[in-house]
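The chain below stands alone and is given as structure tokens, in the form predicted alone.
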């Protein structure tokens, strides 16, 4: 299918393609730096290809330059990766944000971590680095030592200001009254309605992508599943699949079904936790207790199956480390009980006027805004975006299973709650299908020596698309780009709160299920 897109690009832009490489379902097109905006704009607006990720690599040792990669999704399970070269003595490129709004944070991240400047960017402020980070230090360049402890410098971050009579600011965070990670929220309000919200994150940036470069490929699986703790399986599988694609490994069928079961168990307990949080924030403690009880039972099931409540330690390059043995009957019984309890819970939530009053029309994200920011997962589907990696770029056992992708157009807290509820039912169905086809067989293949090259790995985590781009050289990780769904969805909260009131912010925030850890990597 990607060939149709490539032919369209060739026809439109003639000889602008300097090099073309095809690997599996990925087509890499190298073009001149000055042509990137035109071709990406054409892919996005004319060919309707979504910009899934954008990142830089330091290839000065091999090719004498930096490179920027634009990853687009095409219909028919295909990806087009546009590549441009950036000279070290001219570390600049033209911003894409004016054409594709979702490029905003990617370009600011590249500026902070590589020192490559997006010329014309509408918001050139620092994103990841704080005011006390010295200029000229770029952590993802190869000549930056991971043990570096830079001296702090003085600086000031300038927040956007909303002027006008009766307008005042409410700062919240970065330290919060709860066991959550730090994030700063600055509200501009006039009376009760919110006129503007500006968020500031990355207080606990962990240097994960740099850490990957110091680890063996097998050990890196454990780092991947710790990027975002409650999405451990999704991250581990995405990383493993990228390496397996490079190695040409087709993992055993039993391992594919086991991975699918783990991924859907992860989706269920996350969605139950999100629904519990929404019930808590609308002052419906009975519903919250009901959902939290179901979540706890699912996490206990996780532990019985894998030894980990967060499903860690199961995935490995080539398959899974341990079998789930003869626990099929136990899983089925737990799912029967969950389905009954969950149906009762949702009937209670739907029939409560006080819950409906708080979540209907609250925190709306229009389809236009969601598409512009490339909002993903249940949040995107609740705003009318019919996208799901399990269906659009199938992996594990999903090609052999039947399921529906719930989509709504309302875009409010109610829609996000209902989409998650529908996904819980679909996950139960998927696990049952996988259990019925879980025949005997091996669970892991030897990966052997991983050849040099690069590949994408991806999953549909409970929060949405999770992407890994892994570059292997001489048996080591040369670059590992991680794109968690929260990196796409955080900016949506600045739009979701507009014209709502400050007391509704916790409900809106919870309905988006945003991860600090997955974002601040």
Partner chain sequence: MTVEDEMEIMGQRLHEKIKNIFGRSLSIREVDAGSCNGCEVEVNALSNPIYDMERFGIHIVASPRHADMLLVTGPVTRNMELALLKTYNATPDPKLVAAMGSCACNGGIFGETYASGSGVDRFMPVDVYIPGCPPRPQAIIFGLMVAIDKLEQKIRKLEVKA
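Residue numbers count along the first chain shown, from 1. Values in this document were obtained by computation on a predicted structure and should not be read as measured data.
Another form, the form predicted in complex with its partner chain, is not on view; read the next lines as being about it.
Give a yes or no for residue 160: in the predicted complex, does one of its heavy atoms lie within 4.5 Å of a heavy atom belonging to its partner chain?
-> Because no heavy atom of residue 160 falls inside 4.5 Å of its partner chain in the predicted complex, the answer is no.
Should residue 222 be classed as touching its partner chain in the predicted complex when contacts are defined as heavy atoms within 4.5 Å?
-> Looking in the predicted complex, residue contacts with its partner chain include residue 222, since a heavy atom lies within 4.5 Å.
Heavy atom to heavy atom, is residue 148 within 4.5 Å of its partner chain in the predicted complex?
-> Judged by the heavy-atom cut-off of 4.5 Å, residue 148 is in contact with its partner chain in the predicted complex.
Looking in the predicted complex, any heavy atom of residue 118 within 4.5 Å of its partner chain?
-> Residue-level check for residue 118: no, no contact with its partner chain.
Note which of 319, 139, 277, 406 lies within 4.5 Å of its partner chain in the predicted complex, where distance is taken over heavy atoms; exactly one does.
-> Comparing distances to its partner chain in the predicted complex, the residue within 4.5 Å is 139.
Have a look at 446, 143, 132, 87 for me and say which one sits with a heavy atom within 4.5 Å of its partner chain in the predicted complex.
-> Flagged contact: 132.
Using heavy atoms and a 4.5 Å cut-off, decide whether 189, 354 and 497 all contact its partner chain in the predicted complex.
-> No: no residue has a heavy atom within 4.5 Å of the partner.
Residues in which of 438-446, 423-431, 91-99, 288-296 have heavy atoms within 4.5 Å of its partner chain in the predicted complex?
-> Only one stretch passes the 4.5 Å heavy-atom test: 288-296.
Can you tell me which residues in 173-197 come within 4.5 angstroms of its partner chain in the predicted complex, by heavy atoms?
-> Sequence-ordered list: 174, 175, 176, 177, 178, 179, 180, 181, 182.
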